[in-house]
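In the form predicted alone, a lone chain appears below as structure tokens.
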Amino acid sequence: MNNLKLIGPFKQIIPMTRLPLKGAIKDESLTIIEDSGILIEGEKIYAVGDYDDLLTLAKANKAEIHPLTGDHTCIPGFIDAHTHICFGGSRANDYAMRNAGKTYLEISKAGGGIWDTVTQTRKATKEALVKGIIKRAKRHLTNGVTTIEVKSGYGLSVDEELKMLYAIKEANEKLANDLIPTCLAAHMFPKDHSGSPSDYLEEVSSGLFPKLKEENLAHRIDAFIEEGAFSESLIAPYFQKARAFGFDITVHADQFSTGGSKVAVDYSAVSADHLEASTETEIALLAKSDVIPVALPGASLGLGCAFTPARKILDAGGALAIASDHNPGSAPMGDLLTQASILGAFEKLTNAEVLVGITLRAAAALKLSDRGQLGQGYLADLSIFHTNDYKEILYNQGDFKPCMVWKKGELVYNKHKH
């Protein structure tokens, strides 16, 4: 054993282990390890257990000791499985107009909507996009988020989508958090495209898919299935080609109308995200599948609309991840813990269901098997809170932030030194 570090003692460690991937979870199912420590070897956890036992082992192996004074609780680093933090400009005007009663169509006619962000993102240099991603990701880190999925989708041409994906890759090399890129070229049909929507999808798939593979820019393909975006029939050749290339598929589904969740199931998508419009039919369909439903409470808060029917999804036997949807239009807040706490209050989710939704099940929504839990062999991604009771974290509805964050065995944020 080398490069060993011991952190502790913790009043509580909530390892999020031995929990099901699907279905409802009672708080009594959570394992709570008291008076405990975490022994790290390199980037990974070597052991979680009684602090005194681990201290003896650490001293015998000349490990670095990182003693904690006062009461601390540790849970896995949070995973935000759906964001759009690569963008140019702002849509503050959209938000003001929407709250003043303007419709989506009226906002769009006034120069707002997704196309406004596309225009501003196209104007931005790659360097400016990198700077924006880094700023937002660092804020996520102070909130305990150690892994962030990041979509393209505001370029809507081969060159502009590549610019976004290059920016995400470059930002990832400069950050402590891990960024997981997703290609969302099928976000909407670009207003300036001279052909049909099917022509556009053929153009971007032919121009992008080989490049994504060749330069390892993304292994995930997303599409917005909605009346104002792409239909099930239009997206079929696009997803078939994505599967032929070996990409993972994810779907913006059932946000305003249903249909997207069926597409997700039909194409064995890793996740179906949004689901605010899902009815009993879609919920049952998802629950019987291996698709991970992802709730995006930030979009509900930003748009002032209903939340994803999280309680019904869980009670039907479905999985449930929770993500921020951080974007400049419908979900500008970007605070995962706050949003997850609020969703829990409105949908009557247990603490266990909320926390598993931003750790273990969020990892599954990204097909990441090396994080989301605290146990031997998992990445040493830790969110540490100054409390003797993990229930305080959600009780404060996002106002209670981590005092320390570790990423891959390194202390990357210490509130007391900022």
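A residue's number is simply how far along the shown sequence it sits, counting from 1. Note that the structure is a prediction, hence the values are computed from the model and not measured.
Another form exists, predicted together with a small molecule; not displayed. Remarks below refer to it.
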Task: in the model of the complex, the residue from 72, 262, 140, 187 that sits within 4.5 Å of the small molecule by heavy atoms - done: 187
Open item on the list: Just to confirm, with a 4.5 Å cut-off on non-hydrogen atoms, which of 85, 114, 183, 272 contacts the small molecule in the model of the complex?
Closed with: 114
Open item on the list: Within 4.5 Å of the small molecule in the model of the complex - does that hold for a heavy atom of every one of 157, 198 and 239?
Closed with: no
Open item on the list: Quick check for you: of 326-334, 199-207, 123-131, 305-313, which stretch puts a non-hydrogen atom within 4.5 Å of the small molecule in the model of the complex?
Closed with: 326-334
- [ ] Verify the contact flag for residue 278: yes if a non-hydrogen atom of it lies within 4.5 Å of a non-hydrogen atom of the small molecule in the model of the complex, no if not.
- [x] no
Task: is_contact(residue 255, the small molecule) in the model of the complex, heavy atom dist at most 4.5 Å - done: yes
Open item on the list: Given that the small molecule is not shown alongside this chain, does residue 91 nevertheless sit within 4.5 Å of it in the model of the complex, heavy atom to heavy atom?
Closed with: yes
Open item on the list: Would you classify residue 267 as touching the small molecule in the model of the complex, given a 4.5 Å non-hydrogen atom cut-off?
Closed with: no
